[in-house]
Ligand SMILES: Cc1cc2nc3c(=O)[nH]c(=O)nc-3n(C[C@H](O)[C@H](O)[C@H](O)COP(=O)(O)OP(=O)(O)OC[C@H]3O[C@@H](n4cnc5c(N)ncnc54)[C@H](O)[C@@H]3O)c2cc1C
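Just one chain is shown here, as structure tokens, and it is the form predicted alone.
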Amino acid sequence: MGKTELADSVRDTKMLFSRLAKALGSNGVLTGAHITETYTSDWGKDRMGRCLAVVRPASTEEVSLVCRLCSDAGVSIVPQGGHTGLVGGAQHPDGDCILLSTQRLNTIHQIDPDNLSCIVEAGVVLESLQTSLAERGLQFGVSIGSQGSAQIGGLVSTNAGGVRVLHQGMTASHVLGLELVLADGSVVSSISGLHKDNRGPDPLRIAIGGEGAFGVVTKACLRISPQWTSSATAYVGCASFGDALALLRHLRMGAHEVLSAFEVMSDACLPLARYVDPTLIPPLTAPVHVLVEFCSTMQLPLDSLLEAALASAMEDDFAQDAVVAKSDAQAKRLWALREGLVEGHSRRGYHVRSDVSVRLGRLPEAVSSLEAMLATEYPGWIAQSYGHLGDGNLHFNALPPESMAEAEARSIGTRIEQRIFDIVLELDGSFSAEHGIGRTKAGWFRQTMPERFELLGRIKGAFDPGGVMNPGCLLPVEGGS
């Protein structure tokens, strides 16, 4: 770019920010030192992004204006929600973009108990929505560890999963309609509140899992359900992942309607929870630890049902030992072990993180193959196998030796990640189960699924012909990552 072109670009950018600040107010546009790591660094501290400004619209109309002005100025837009993603979808490596934060789009517009639906803005925090629904005896079916930060727009844009997918499904299962702002500022909506609306395919559903590449989600109409009134939680010890799968099969056959969560953790994972709380100690010892939850809207003796099911499983040698929580406080304490190990990985430092899935029957084989690979090819690294066995989602992480320098660990970690993906793909699995593609896995997406990649690229051209929306995320440009 020549000096004259550069000067014109700077002048155009200053004019853009001046117009945005006038429209959104002084609190609506952050530049310079006001752009903190809260916006530019990802949750796992693996990526640091850059941007020209952070723009914080407070309404759909303001989002529309931001998109139109940025599109006219040729400035890219990176939508950002609660900033809890793990694949770099909300960070751009170059500084020639704006971050569009949805944190001020935080209004719950409607909760309809008769229709079992709600209409919320993209920036509504999941925990806030659950609290509002609980006051009316209702709930939203997605449960994730980062619910205190994660926003509805982000859940939709990544098609988030969580711990209750086996019972409730992914976020996509709960979306009845969306409002989307396109790159040119056009506002389109499929929100009708209808559970049955068969007037042709809804093109806006492309935004579910679209990671901001097709437009900015500003509102969502969500399916909700009555709050559970009875529940039971158990912590179970198994001899292997194969036995854990047998336990899942046993529970599904006898209690499918009330089985709401089935989480699994290898014994090597549990010490990581103590990085968060030193008092978090498992109630039993076993090679594999399982968290089981039964829930129902009916007043059922779930504790007794769960105890009987586990007693039968122990007779059949699917389980070695089990503890059934006797209070809500005890249940929360057991869940803290599962949730704490995720934070513990981050506190320990750099580690290889993965989010893969296979058919449920092949999950024990996947764990065995991955752990054998790490032990054989990268001795000294510590395997961490845990995740949502109930839906086939495994998080296989690898911890470097504590004495290893981070730069060396990251270099080796890149090779380990490739081996993880190779093994999972050999098992006909997916290298992204619930975290999405983002920028971290965009190259893998293009390489391993060229037909889907090419088709999505054509669709993106219809929604965003100028390539303004979150460039490089999900659909990387040639030569990009």
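Just so it is clear, the model here is predicted, and its values are computed rather than measured. Quick note: we count residues from 1 along the sequence shown, nothing fancier.
What follows is about the form predicted together with the named molecule, which we do not show.
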Residue contact check: residue 62 to the named molecule in the predicted complex, 4.5 Å heavy atom: no
Non-hydrogen atom contact residue 367 with the named molecule in the predicted complex at 4.5 angstroms: no
Residue 384 within 4.5 Å of the named molecule in the predicted complex, heavy atoms: no
Partner contact for residue 446 in the predicted complex: the named molecule, 4.5 angstroms, heavy atom: no
Partner-facing stretch of 106-114, 294-302, 158-166, 399-407, counted where any non-hydrogen atom is within 4.5 angstroms of the named molecule in the predicted complex: 158-166
In the predicted complex, the one of 324, 119, 270, 86 near the named molecule [non-hydrogen atom within 4.5 angstroms]: 86
Contact residue in the predicted complex, from 144, 352, 221, 261 (heavy atom within 4.5 Å of the named molecule): 144
In the predicted complex, residues of 377-414 near the named molecule [heavy atom within 4.5 Å]: 388
